[in-house]
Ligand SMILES: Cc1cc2nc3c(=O)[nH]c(=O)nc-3n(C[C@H](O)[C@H](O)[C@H](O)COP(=O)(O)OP(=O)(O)OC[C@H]3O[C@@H](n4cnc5c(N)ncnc54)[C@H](O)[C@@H]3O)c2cc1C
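In the form predicted on its own, a lone chain appears below as structure tokens.
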């Protein structure tokens, strides 16, 4: 199918881009890599009257920068650029590992991290990782700037806190502790396809089975990505013992509301998510600190 009729804009400066967003607001869509937006437009699931391209914008929007204790990834930075960045591999190694699961190499050379976060697809890995790693979204408009924590940014399936006149210019990931370990697993019908269930964990082991810190998030199994605070509380208090894993699984069951579709039933998604939780915990605990 062909997209509905739209007007194409190619601003050459950030100020021009923000002026267009101020003028057209919710009738506009921002085009970065286009790997999510363009298929939606072809099927007319998205019908923006104005398409605003970021192609002519450079500067910070196309850079990965480490400032202080954070990594900043600009709006035009592709998945592949993040995967190849030595700064990202050193400061936030879980991010390139997560990107490895996304689609195919061809898609990763075009798609952008910020575009993925703005799409807020419930089955996507990166919004869950943003929740897990407590990312912050830097939003600019003609009226000013604001910073929104990932926990407040994702508001539902395909819904975010970004306003129609705002551009997500960068996402900020705190640099991870050297002692932290990260693991992510998912179940898909085809490699690179949308997951039927996925779980990611970032943790710091303590003595024996104790965990000094733990963060858990899931995706592809709920109406939106979830940070599983109840599961984290069980694991922090009781460590990674068999009894604690059982209790953590029960907390997971209470937190998620899986759906059924032609690819997987509600019962399958629930069972798979519990299994993935156990596997990512075991994988993370078996790793050396921040492996390359």
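Positions refer to the first chain, counted from 1. Please read all numbers here as calculations on a predicted model, not as lab measurements.
What comes next is about the form predicted together with this ligand, which is not displayed.
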Is residue 168 close enough to touch this ligand in the model of the complex, meaning at least one heavy atom pair within 4.5 Å?
yes
Can you work out whether residue 54 and this ligand are in contact in the model of the complex, taking contact to mean some heavy atom pair no more than 4.5 Å apart?
yes
Against this ligand in the model of the complex, would residue 264 count as a contact residue? Criterion: heavy atoms within 4.5 Å.
no
At the 4.5 Å heavy atom threshold, is residue 193 in contact with this ligand in the model of the complex?
yes
Pick the stretch from 142 to 150, 176 to 184, 203 to 211, 71 to 79 whose residues have a heavy atom within 4.5 Å of this ligand in the model of the complex.
71 to 79
The unique member of 31, 64, 256, 245 whose heavy atoms fall within 4.5 Å of this ligand in the model of the complex:
31
Would you give me the residues of 230 to 247 that have any heavy atom within 4.5 Å of this ligand in the model of the complex, in order from first to last?
none
